[in-house]
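A single chain comes next, written as structure tokens; it is the form predicted alone.
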């Protein structure tokens, strides 16, 4: 392993400090300013450990209505200080087919979120393309364009590859990162950059054994936990990763059901008692280590991962009655 003892000790010291000084989520970049990775933790411009919590959009080309200013203000009112914007590469209608439209939606979402004092993650959302190398040319152009527009703005974070999967190796991701990160650094030398890992951001063997040689980066973790009583959320990798000195940012997490069918509140009602018991251990673990996160997703798509009920047509000012079980859990944990 090439993660040194100093990095490990810095992470432990920062976490210890976070137990006493960590600021509550809900105060955005106007309070915390530029973020920096120290050991395994994020610290703000004052040197204080800082945690970001919020939501991810669904694909901007399919659910742009939730990128509005009122929605971002509503997230902030509930205690969020982060919004992640997912720019899908594929399929039809996404960035590769219509980059101008995707950029329009991205900029609209960024401006709305920044105006609400939320940090913004710009997410290059690979999925069916499996390896980020497939569209590395397009990714280079995308990140050059966006980072040139926003420069070194402290509220903007870059996530360079959403969920590498299939046969994608850490060596593939490393080659991609070594190409894309310098492009961002030319325009935003101090930006926080998030790097995906193999197997849908669940395999950290590569980063542990051969971490990237860039400063101010973290590695993306994704975690979906089942809400049925038969499948409680077991121990995650977080404790081991933090102990090993690896800086992790949970850029997606959510709940899942064995059947991914359209649902209603009635479908969920019988499982409400089991739901906190299933998901709470992972939430507690993120809180214990000061791990930043974005929940999936701010939309009313007919799936259990959506924060808003499918029958709800409101684009902001949501009440508890408008939220799914997943949404209620996430909104209630923005500022624990």
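Given the structure is predicted, the values throughout are model-derived calculations rather than measurements. Residue numbers count along the first chain shown, from 1.
The protein also exists as the form predicted in complex with a small molecule; that form is not presented, and the subsequent description refers to it.
K.L.:
Verify the contact flag for residue 303: yes if a non-hydrogen atom of it lies within 4.5 Å of a non-hydrogen atom of the small molecule in the model of the complex, no if not.
P.N.:
The answer is yes: residue 303 has a heavy atom within 4.5 Å of the small molecule.
K.L.:
How about residue 296: is it within 4.5 Å of the small molecule in the model of the complex, going by heavy atoms?
P.N.:
Yes, residue 296 lies within 4.5 Å of the small molecule in the model of the complex.
K.L.:
Consider residue 197 of the chain shown here, and say whether it contacts the small molecule in the model of the complex, taking contact as heavy atoms within 4.5 Å.
P.N.:
No, residue 197 sits far enough from the small molecule in the model of the complex that none of its heavy atoms falls within 4.5 Å.
K.L.:
Residue 127 versus the small molecule, in the model of the complex: is there a non-hydrogen atom within 4.5 Å?
P.N.:
Flag for residue 127 set to yes.
K.L.:
Select, from the options 28-36, 54-62, 41-49, 282-290, the stretch whose residues sit within 4.5 angstroms of the small molecule in the model of the complex by heavy atom distance.
P.N.:
That would be 54-62.
K.L.:
Select from the listed residues 88, 135, 170, 105 the one whose heavy atoms reach within 4.5 Å of the small molecule in the model of the complex.
P.N.:
Only one option qualifies, and that one is 88.
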